[in-house]
Ligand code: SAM
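In structure tokens, one chain follows: the form predicted on its own.
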Amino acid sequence: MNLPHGFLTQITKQLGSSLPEFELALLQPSPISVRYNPKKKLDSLLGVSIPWAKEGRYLDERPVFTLDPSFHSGAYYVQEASSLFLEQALKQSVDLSQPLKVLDLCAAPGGKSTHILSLINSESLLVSNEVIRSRASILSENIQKWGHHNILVTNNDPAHFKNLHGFFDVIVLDAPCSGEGLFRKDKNAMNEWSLSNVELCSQRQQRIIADIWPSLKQNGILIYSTCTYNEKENEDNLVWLERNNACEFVSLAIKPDWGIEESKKERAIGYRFYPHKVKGEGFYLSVVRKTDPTIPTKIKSKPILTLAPKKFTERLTDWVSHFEDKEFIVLNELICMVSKSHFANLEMLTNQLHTVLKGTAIATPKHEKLIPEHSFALSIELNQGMFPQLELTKEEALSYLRKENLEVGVGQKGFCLMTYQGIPLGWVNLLGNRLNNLYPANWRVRMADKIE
């Protein structure tokens, strides 16, 4: 691999005599890894366990994920193994049994956010933010597939969070970076690399940290990560943070056989992943506890969330698990399910931020009927036994996901769940001699079957 000269100089200083092993690792195929959804268990979990992530698995070969119905049902997420170390950062620095308010600041396409949702409890709230509008819609889709309702997806600049003083217990910042850790996965990352870009990234990362620091509460946790190796974007930013703010670094317990390196510079502590030592890509992570006294700002917000009419919510009692913990609101003619315990927070955040998704869309009222929404089919709160179901073969499931005609359920009428390996894929409306495929048109699979 023809590495950029400036990068080679930098990485040589870091690695010394192990540089040849690093260069050899970059010539090897990238490991394939997934993270399973613990709320949508498949009958069998393939692969070898990733030691720092309970639901993480390495796969021997890369399947065509687009042609696997289980992927579209939210049964698993395709995610790079090193980034799953976020699980250890959260488990070792935060009491996950408590209700938490968490911000995933640069969240698209959704790997970290879906991971966080699997780790925090149902009484917690995750704000999943993405600055770029087109990527925010991809984030929303992946969040819906994962099936949790204690979520708010937003499309905002980091500076928009400044007014939320002391609001968040945890902020996860996977900062935009120069992408050195992705050289073997993404050749564009290597082609676009330059010393000047590293400097620009470092400055941008500092601006982002400065923007969101006020919204972290005192004793709250900032988890900072990048997919790059250089100190400018990693240790130097954390040294800068510590020099300008009251904070302390949290040490994490790591096992020697994981191959992760602990990094220290002044008082900053971080964890480095090199591809010749870890079965994964290049990655860096640090956990920071804020000790700055921060008085939470009380923000007055006007009531803007409309509760759903009782005549509809009463009919949802049997549709939704743990009905009493939910609040139901009307958004753009949709009835959506949100967390009752965070209703006031959702109203305040809706006043402050540009929201893309609030909770889970349940149904659309139409002529006194409730038409179930696709995201509700994927929800882990769906009371699956209350609806007729049709289990599909893989070929039938792919036809459904392509919005093709299906010859199933002949003679039956009403809304019916399409399932694959027992996990819902979405709805159809059975009309006796035919059916309406209700899979979202903008989500449909466009790939043809793989030619063997």
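Computed from a predicted model, the values in this text were never measured in an experiment. For every residue, the number given is its place in the sequence shown, counted from 1.
What comes next is about the form predicted in complex with ligand SAM, which is not displayed.
The listed set Lys232, Arg135, Lys265, Arg315 contains one residue whose heavy atoms approach ligand SAM in the model of the complex to within 4.5 Å, identified as Arg135. Checked against ligand SAM in the model of the complex, the candidates Asp169, Glu373, Glu327, Asp174 yield a single residue with a heavy atom inside 4.5 Å, and that residue is Asp174.
Just one listed stretch, out of 240 to 248, 99 to 107, 118 to 126, 190 to 198, contacts ligand SAM in the model of the complex at the 4.5 Å heavy atom level, and that stretch is 99 to 107. At least one heavy atom of Ile208 is located within 4.5 Å of ligand SAM in the model of the complex. Heavy atoms of His342 never reach within 4.5 Å of ligand SAM in the model of the complex, leaving it off the interface. Although the partner is absent here, Arg204 sits close enough that one of its heavy atoms falls within 4.5 Å of ligand SAM in the model of the complex.
Although the partner is absent from this view, Gly74 stays clear of ligand SAM in the model of the complex, with no non-hydrogen atom inside 4.5 angstroms.
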